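The data below hold one chain only, encoded as structure tokens and taken in the form predicted on its own.
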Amino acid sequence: MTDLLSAPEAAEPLRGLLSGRLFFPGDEGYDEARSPWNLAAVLEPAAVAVPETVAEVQQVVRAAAAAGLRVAPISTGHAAVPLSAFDLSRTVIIRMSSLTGVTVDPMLRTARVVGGTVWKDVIAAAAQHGLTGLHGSAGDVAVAGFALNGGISFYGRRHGITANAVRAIELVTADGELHRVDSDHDADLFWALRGGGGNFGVVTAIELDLLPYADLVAGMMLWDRSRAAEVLPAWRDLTEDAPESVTMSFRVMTFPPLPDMPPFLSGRDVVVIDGAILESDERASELLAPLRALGPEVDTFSRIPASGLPLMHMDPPQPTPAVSDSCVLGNLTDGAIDAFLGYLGDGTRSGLMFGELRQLGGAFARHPDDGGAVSGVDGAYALYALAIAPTPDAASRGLAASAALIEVMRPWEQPNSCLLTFAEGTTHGEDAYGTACARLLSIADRVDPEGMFVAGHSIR
């Protein structure tokens, strides 16, 4: 019968759940609840549930199933653009932002992270014990979405992708039951979740390994955009020969002339190198010497507390509308450098806020035998292009500019390689998961036979 009902009618049986924390279109609070961190993504679900307990997650899943609705779990919504491509008019978004918490076991060097927890809270809890985690470049990204889509960290060339650090997962499946899965309990589902993420249920907790770093050498260097043709080859040479203790990025960035922005950034086109070095101060200085010889305007590389690493990359601290595109590259030849810099030109001409190259290789490229559906990434560099998108017209222009840079770099693209945490297009199926897709589908047919769950990077 639910198939014959309109979307609002079908969702009506959920009304009254969660004591006012389930919102329908037209309700006060609906727009705030459905709004993701990336404001360029417009989500229009049948309802938004904001549970505070696992029991409430189960309640919403069971009610949605009974009403013939689908379910899409999100935490912060940093990567909501792929999800916004779906018709969500018969989907309940379960927003996990009120179901959070961290427990660190310093002896085992692990953390149990509740569903919607963001990385900065894990980093702060781990730092009390001289530990840290395989987080990304921003501390306000949720652990679950990041880790279960692979996860690229500035610790990654030594320690691999974040999904490989996951030791156990607790989730609510389509039947409303809570399961704990690991290598000894439903190993197939444990494999699928580490890469397949939200395709299989609502993740309510993750246990993951921590790293034994209380401090490290990290920072950034900055030059005017006019120096890019000198700086990028030097960075390429360093990253090609660097030990696995080094993970770095290179960006050409355009900053608008805003009064609250530091003068050395406001209204400028600049080149920025940043990263982390897991070495002694002396060895780190040796590695950085070729870049310092180019006389950066700003050089903040020094030994810092590990908790300071997420601040280094200058990701925006507030929700921001942005569109992007990405790919993975092989070797960064002289021709590739010329093409990259030639397209970017100055920021006004390219239409991008930045074009970024992120160093891969090392442990990133190793696929451990006990890894999940996404266990590594082949290729030498990740390419990421981003444009600010405050209006629909700006979003269209930004998407075109991002796609154009990817197309320019197509001759150097690594075949059959994808970074899901960077992929904000409609990547799905074999395009996202390659040869793992058939096995993922088989597992989904077992745990979610009706295809109840909606994920931005869908296996179906």
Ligand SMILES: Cc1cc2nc3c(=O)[nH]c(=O)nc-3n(C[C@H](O)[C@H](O)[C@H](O)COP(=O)(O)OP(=O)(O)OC[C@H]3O[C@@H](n4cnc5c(N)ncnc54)[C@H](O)[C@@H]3O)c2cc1C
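In this text, residue numbers run from 1 along the sequence as written. Because the structure is a prediction, the values reported are computed rather than measured.
FYI, the form predicted in complex with the named molecule isn't displayed, but the following is about it.
**Q** Name the stretch: of 182-190, 221-229, 301-309, 129-137, exactly one has residues whose heavy atoms fall within 4.5 Å of the named molecule in the predicted bound form.
**A** Looking at the other structure, the answer is 129-137.
**Q** Going by heavy atom distances of 4.5 angstroms or less, which of V166, I74, V113, L357 would be at the interface with the named molecule in the predicted bound form?
**A** Contact with the named molecule in the predicted bound form is made by I74 alone.
**Q** Just one of V246, L344, M96, A373 has a heavy atom within 4.5 Å of the named molecule in the predicted bound form. Which one?
**A** By the 4.5 Å criterion, the partner-contacting residue is M96.
**Q** Does every residue of W37, A144 and G198 put a non-hydrogen atom within 4.5 angstroms of the named molecule in the predicted bound form?
**A** Yes, the whole trio is in contact, each within 4.5 Å by some heavy atom.
**Q** At the 4.5 Å heavy atom threshold, is R194 in contact with the named molecule in the predicted bound form?
**A** Residue-level check for R194: no, no contact with the named molecule.
**Q** So in the predicted bound form, does any heavy atom of T239 sit within 4.5 Å of the named molecule?
**A** T239: no contact with the named molecule in the predicted bound form.
**Q** Is there any non-hydrogen atom of V203 lying within 4.5 Å of the named molecule in the predicted bound form?
**A** Within the cut-off, so yes.
**Q** Under a 4.5 Å heavy atom criterion, is S402 part of the interface with the named molecule in the predicted bound form?
**A** Answer no; every heavy atom of S402 is more than 4.5 Å from the named molecule in the predicted bound form.
**Q** Pull the contact list for 148-165: residues with a heavy atom within 4.5 Å of the named molecule in the predicted bound form, in sequence order.
**A** Residues within 4.5 Å: L148, N149, G151, I152.
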